[in-house]
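Just one chain is shown here, as structure tokens, and it is the form predicted on its own.
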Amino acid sequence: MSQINRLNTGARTDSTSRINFTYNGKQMQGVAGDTLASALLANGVNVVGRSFKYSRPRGIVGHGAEEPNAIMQIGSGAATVPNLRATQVELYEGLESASVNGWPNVNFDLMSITGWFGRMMPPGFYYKTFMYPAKLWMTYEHFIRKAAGLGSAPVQDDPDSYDKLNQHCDVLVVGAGPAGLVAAREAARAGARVIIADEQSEFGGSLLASINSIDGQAATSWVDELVAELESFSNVQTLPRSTAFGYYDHNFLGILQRRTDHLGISADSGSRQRLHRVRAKRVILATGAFERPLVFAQNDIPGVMQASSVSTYINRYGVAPGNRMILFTTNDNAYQTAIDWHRAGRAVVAVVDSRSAPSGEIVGSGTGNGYSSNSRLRSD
């Protein structure tokens, strides 16, 4: 499958470095810097999963930890890993990926016929229906769990190694977006021992997908300079690909660092993951914010995405997930997505704003870029 949605415009990916991977047994290509999600969108993959119970088709919605649909089985054999988000899996040569539900395949799922009988299956019906006879519960459970769309855990011994590290610091910064980077830099300049951790492969957070400028330079260049300064300090430890999963008493935090996951399953490069057990004098939480999806009929079908995610795929990964867009928004920020979409050479059919009289600099800039802005009053 060709990368029909790959853009020729600048992004943080390397379009000259092609990476081969498989999805549901099909050979595909991405580029260096892709996530599995961005590579799938580049190849025009719209359906990545199925909903529980009714098996409705699901597409990619977000671009990070907020992604609810693109749940994948990665690898095979003893090293397989179930239930990873495609948005958090970095693409590497030979990556094997598969949807965790859908039979005989995710695009044509026979389980979807249950939707025809939706009125007969209210929420919780299975708890009462399958209680009797009790001796058949194990049989019922097998099919119910299969319908839930969970991945398969490996049955062989894990071939990888893992380690742990106990650490102390003066300041622990969780999140390496603009706020976290500046906080870490100021603490480091003051002579504090600093650890800064972020779950993404690169520091920068939302700025990695920004086309704006900071202090007269491109936002991504500003990030690169600040990260280089942090790495020059002997009193700073940077932890990319690291998720802070627990904040306990007396500023004790658990951080999981994925050291070689991006190199491939069972990469022969030391421990695959490391558990950092950190005791900090001060903790700064700079984890940013997630976009909240709007609620409307059929908002769960493939092709409905969060506005910030569309901009991220365009500006960071060089992927436009489609050709024509209708933008539905309640605020000014989403107008940037329409501008990004238009700059990528795609058609913005309309911008639907729930406010009666949207105004502002970015709104005016957007409507001057060749697409219509249709405002409508919210119905109470």
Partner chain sequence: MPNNITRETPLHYFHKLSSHASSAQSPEIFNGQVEFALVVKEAPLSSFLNLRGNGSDKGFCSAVAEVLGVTVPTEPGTYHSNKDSSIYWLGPDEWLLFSCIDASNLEAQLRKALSGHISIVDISGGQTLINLRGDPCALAILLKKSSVYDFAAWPDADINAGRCAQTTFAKATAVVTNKADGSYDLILRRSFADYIAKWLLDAGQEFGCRIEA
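Numbering follows the first chain given and starts at 1. Everything numeric here is computed off the predicted structure, so don't read it as measured data.
Only in words, not in the display: the form predicted together with the partner chain, which the text now covers.
Using a 4.5 angstroms threshold between heavy atoms, residue 193 counts as touching the partner chain in the predicted bound form. The closest non-hydrogen atom of residue 282 lies beyond 4.5 Å of the partner chain in the predicted bound form. Proximity of residue 189 to the partner chain in the predicted bound form falls outside the 4.5 Å heavy atom cutoff.
Among heavy atoms of residue 94, none comes within 4.5 Å of the partner chain in the predicted bound form. The listed set 166, 212, 139, 298 contains one residue whose heavy atoms approach the partner chain in the predicted bound form to within 4.5 Å, identified as 166.
When you look in the predicted bound form, the only residue of 293, 270, 303, 288 with a non-hydrogen atom within 4.5 Å of the partner chain is 270. The chain is drawn here without the partner chain; in the predicted bound form, the stretch among 158-166, 306-314, 204-212, 217-225 whose residues come within 4.5 Å of it by any heavy atom is 158-166.
Here the marked residues 237, 259 and 277 all reach the partner chain in the predicted bound form, each with a heavy atom within 4.5 angstroms.
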